[in-house]
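This document opens with one chain alone, in structure tokens, the form predicted alone.
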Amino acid sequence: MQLELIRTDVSKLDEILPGGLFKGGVYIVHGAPGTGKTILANQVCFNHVKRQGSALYISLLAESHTRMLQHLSSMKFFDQRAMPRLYYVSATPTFAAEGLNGVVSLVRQELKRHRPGIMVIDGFSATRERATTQQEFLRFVHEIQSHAAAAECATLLLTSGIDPATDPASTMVDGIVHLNHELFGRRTQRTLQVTKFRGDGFLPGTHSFQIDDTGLTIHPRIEARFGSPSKRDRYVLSRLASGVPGMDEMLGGGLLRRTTNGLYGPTGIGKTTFGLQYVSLSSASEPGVFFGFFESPERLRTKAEAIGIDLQRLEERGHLEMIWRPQGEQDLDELGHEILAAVRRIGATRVFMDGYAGLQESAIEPERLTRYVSSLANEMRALGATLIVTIESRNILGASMELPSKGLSSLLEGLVLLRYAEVEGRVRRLISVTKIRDSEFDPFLREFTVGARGMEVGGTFTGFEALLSGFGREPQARTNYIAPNDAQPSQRG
């Protein structure tokens, strides 16, 4: 017999679970006060009622239903019209007078009366405290589980008591979901972790979530969710125009499709301008996404207009989507899911992310970044997108070109370097292609300009040496500096 699943429809919780909760399954939802257990449980109940089901919410020594519903009324999932099929029952008087046996009888009666698909028992930790022996408590859990299974009702037991990892009752239930909020410096991160789930597999590890007026919004960890791409990667060597005059010649005909490419250079060099020209070629057959951290869409539209690009027209036609996530306390996984959702939404083939520093600032655990980018890039390729991400160098001048994360260079199929060089008292902009996997490319330095027509790449920059140091000079140039070993020997009389 195959067990039937009941979807929770809570953000991406069903992606972490194997599609939802099993009918008749009993699950512990554990977390300290304030972690979101009550909101999560009510969100599951309201979502189930919206699908024409019924739900039962039983409280044991918890906050009153009136006060709870007053707090929930501002949530978007709250719907007063659901009340005829969403039943709130206070078991506090029964619990006080009759103990655990009374609660079991009440649960059996309410299940028979309402036939809910979802049942919540809030304040479950109080039952452990009331039991005189461990055996009595385990028998109580077994009876609840038996009635839930017979009624084919998925049951959530909300508790803030003993850690389920050391609780004997954890061996009896079908699953355990742990909610937590942890302080990193001055920043708090909420996480959800499924530590047990009988049946099919679930996404392991912790996954971040936030609570707002929509309820719980969960962001499965990118490395876990897309450890294997959702689609098979169909890689064929073909080209995609960059939108920058002279650039495609350097690249050997254009960017390779379905690849991830880095655009590395110092501040002000023209990386964002490159991106605007790249997405300016977005069309019905090649939609684009511009995902940025630093400049608002309004500023980008004005900047683009100055070089003859009408971004607003592309947006109105549905060929381009502009996403701006200003730097703040952003969640790394939320960012990844947002950009992937945009790629799927419009079938984007051109994606520009400006820039990598925004991901770094959002990462509470920087050691994740290489695995994160690898998984994100693999999913982008599988969706048919060609990604360019800007990476800012620390030094404005000089030969030091160190990428910000270990292993990042191996994840990039293409790497284009932009740099400044002082030549004869004048600052020049130079461009070079360092890497294009599976393709020949122009290895020479070229000068480029950023003007009224945007970025334009000229011919090979010749006649000077030591350009990579940031200070070019003519070949064979001499210096007045005399090394100590070249000093003239002293004369003796």
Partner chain sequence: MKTILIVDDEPDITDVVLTSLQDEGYRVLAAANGLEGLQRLSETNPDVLICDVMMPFMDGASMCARVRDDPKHRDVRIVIASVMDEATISKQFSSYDGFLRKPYRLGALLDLVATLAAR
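Positions refer to the first chain, counted from 1. As the structure is a computational prediction, the values presented were derived from the model and not from experiment.
Same protein, other form: the form predicted together with the partner chain, not shown, and the subject of what follows.
**Asked** Just to confirm, Q109 within 4.5 Å of the partner chain in the predicted bound form by heavy atoms?
**Response** Heavy-atom contact with the partner chain at 4.5 Å: present for Q109.
**Non-hydrogen atom contact R113 with the partner chain in the predicted bound form at 4.5 angstroms** = Yes, R113 sits close enough to the partner chain in the predicted bound form that at least one of its heavy atoms falls within 4.5 Å.
**Request:** Classify R446 as contacting or not contacting the partner chain in the predicted bound form by the rule of any non-hydrogen atom within 4.5 angstroms, answering yes or no.
**Result:** Residue-level check for R446: no, no contact with the partner chain.
**Prompt:** Hey, in the predicted bound form, does L403 get a heavy atom within 4.5 angstroms of the partner chain?
**Reply:** Judged by the heavy-atom cut-off of 4.5 Å, L403 is well away from the partner chain in the predicted bound form.
**Asked** Out of 375-383, 268-276, 185-193, 101-109, where are the residues with a heavy atom within 4.5 Å of the partner chain in the predicted bound form?
**Response** Among the candidates, contact is made by 101-109.
**Message:** Quick check on this chain: which one of A306, L237, M83, A150 has a heavy atom within 4.5 Å of the partner chain in the predicted bound form?
**Reply:** Selected option: M83.
**Request:** Find the only residue in I39, V450, L69, V457 having a heavy atom within 4.5 Å of the partner chain in the predicted bound form.
**Result:** So the residue touching the partner chain in the predicted bound form, by this definition, is L69.
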